[in-house]
Each structure stands twice: as C-alpha cells, then as structure tokens.
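Next up is one chain by itself, shown in structure tokens, the form predicted on its own.
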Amino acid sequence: MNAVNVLVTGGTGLVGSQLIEALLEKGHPPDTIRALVRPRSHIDFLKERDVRLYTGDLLDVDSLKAATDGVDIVYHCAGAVDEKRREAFWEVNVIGTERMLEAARWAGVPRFVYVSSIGVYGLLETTPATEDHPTRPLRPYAVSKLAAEQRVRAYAQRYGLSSVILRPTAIVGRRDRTITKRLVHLVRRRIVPMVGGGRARVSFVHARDVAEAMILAGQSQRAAGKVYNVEGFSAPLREVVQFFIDEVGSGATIIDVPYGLAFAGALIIDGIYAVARRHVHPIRARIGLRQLTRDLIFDTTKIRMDLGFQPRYGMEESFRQAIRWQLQHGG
C-alpha cells in the first residue's frame, strides 16, 4: 500500500478502530494515519498503535481543518448511533458531516469515503435490495444518514469532491457496543418471543469487512461518485437468536407469537408512548414489528464487480468474536 495520509473519524468506534487495524496490517505507516478523537474519548487503543491523534469535534470546523490539512483520504466513520435526543442525530450525522465535507474541500482532499447505513432504504419492497431501491428511512437515525448522503453528493456536484458512499448492513465484531449488547441482553431472558416463527432473514457484516470495503473505496478510481451496499452474511432471525442463546449459555426458550397478537401489543405500546409524550410519536413498535417479519437482505453485486470486494467473515466467527468481546467487557 502506498503511504498516503489518511484521516479516520470515529477512530475509537467499532468501524473506525477496525479500519485503523486493517490499514496497519496492510503496511500503512502509523505516522500517516490520523484519528479524529473527542476530548473525552478513551484513546489507549490508538496510542498503543502510534497513530497521529487530532483532538476535535465534528461541529468545530477549525479542529476539522487542522485534522484534514495534507490528507489524501478522509474515512468518515464517526456518527451518532444510539441517542436519546432525536436532535443529536441531526447535529452529529448531518451538520457534523457537512462540516467535515467543508474541511475536506478546504484542504483539497482527493477522496472522501462516507459510511452510511442500509437503514436509509426503510422497509424493503424487493429483496435482495440493490442500491437503486427507493430510500424511505423510518427512524431518526436513518433519516439523518440519508440527509448526510445528500450533503456528500452535493459537495461532489458543486465542488468536485470525489466521494464514495457505503451502506453497510448491521455491523458486528469486536468492540461492538450496540447490536451485540442488545442481543446478549435479549437472550438472557428466560423466554424470547419470536413473531412469524423468526423466518425473516436479516443481514449482518463484520466490522473488518466494512473496513476492507472502505479501503477499496478509498483506492479505486472506479468507485468515485458511487454508492455501495456492504453485506457479509444473512440468516433467519430465529437462527441468529438461537446462536446467541447457545454462545451466551442462557438456556432461554424461544416461543412463537402470532402476528395479530404482536401487532395489538405494538399498537398499545405506541399509544401509551404518544399519550405520555403528548404528541404524535412515530409508530416505533409497529415499525419494528414489520421490520422483524420481513427479509432484510441486500444485493452486493455492484461492490463485488467494481471493487473486487469479498467478505471474509461468516456468521459464526463474526458473532462469536462479538459475543466474547461483549462478555469480557461487562456485557
């Protein structure tokens, strides 16, 4: 790998940390890797790898300009994923991305790689879904990611900033503090309800495979201006939950719940939430129910053909790594 200067935002997070590891393993000199970190971030992992640390914030343009000066590729992984305040998604994922784009434009960065989400598609009309599938995001997080994508495209059109957008499926692996944590907590219950028999297939990808896709997107001229789905593997939801039960050793029992009963329960939950909040709330429970009973799988022909991307990690290795890390860190 040529020793180009790269900036990784979200370097202490799941994807950013795995990207830095992947770059180092490919022979990228540590002093050419910059990591944008917040003042209160835990940076021991990065210090041990001797990468260059830039303290800043996505909303602080001056700190972003300092970090991007002289950079060849920006890998923008940072973002708000699991926030209680809906406004935080917009502030970090949209405004923060726009300011990161402005800093990259100011610095004349040749390539900007943005990590979005398959959440921008919403409920799938056809599967496996290609990159041309309509985008109808359902949740605040996904709405913010689609809006950020629009900013990335706008900077490419207005200023010629060469960019690539990646849409990974659910990301797991070591240092996953979201999806794996939720599933571990779920299977620690004595009974795990499953709607529709858990037949719907769901898609995941190992963070290291996402990192590999990012590196390919950063290097390839063919990728400029394109959007790519990034999927590693898919499995029926029941199979996923049973794997977690076995690995965690919880002994939980999966029980089938009729869809009609589950819908009634979701309706009640949404109604209670709307009354409690005193305004009309997005139908979270009903949306979640519909997502759990529909296939969520994606076509990756485009990234395989254009970039030669091949995922290395299957279900067992991906989940086993994620579960072991979670259990070791108080999960």
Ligand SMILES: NC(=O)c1ccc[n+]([C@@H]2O[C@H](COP(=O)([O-])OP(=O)(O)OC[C@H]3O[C@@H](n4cnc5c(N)ncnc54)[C@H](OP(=O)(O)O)[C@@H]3O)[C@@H](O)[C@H]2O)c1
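The first residue of the shown sequence is 1; numbering continues from there. All values derive from a computational prediction rather than experimental measurement.
Quick note: we don't show the form predicted together with this ligand, though the next part is all about it.
- Proximity to this ligand in the predicted bound form, defined as a heavy atom within 4.5 Å, holds among 217, 211, 101, 115 only for 115.
- The partner is absent here, but in the predicted bound form a heavy atom of 179, alone among 179, 147, 245, 227, sits within 4.5 Å of this ligand.
- Contact with this ligand, judged by heavy atoms within 4.5 Å in the predicted bound form, is confined among 169-177, 103-111, 151-159, 193-201 to 169-177.
- Residue 41 belongs to the set of residues with a heavy atom inside 4.5 Å of this ligand in the predicted bound form.
- In the predicted bound form, at least one heavy atom of residue 141 sits within 4.5 Å of this ligand.
- Shown alone here, residue 73 lies farther than 4.5 Å from this ligand in the predicted bound form, counting heavy atoms only.
- Among residues of the shown chain, residue 311 is not one whose heavy atoms approach this ligand to within 4.5 Å in the predicted bound form.
- Contact here is defined as any heavy atom lying within 4.5 Å of this ligand in the predicted bound form, and by that definition each of 11, 58 and 77 is a contact residue.
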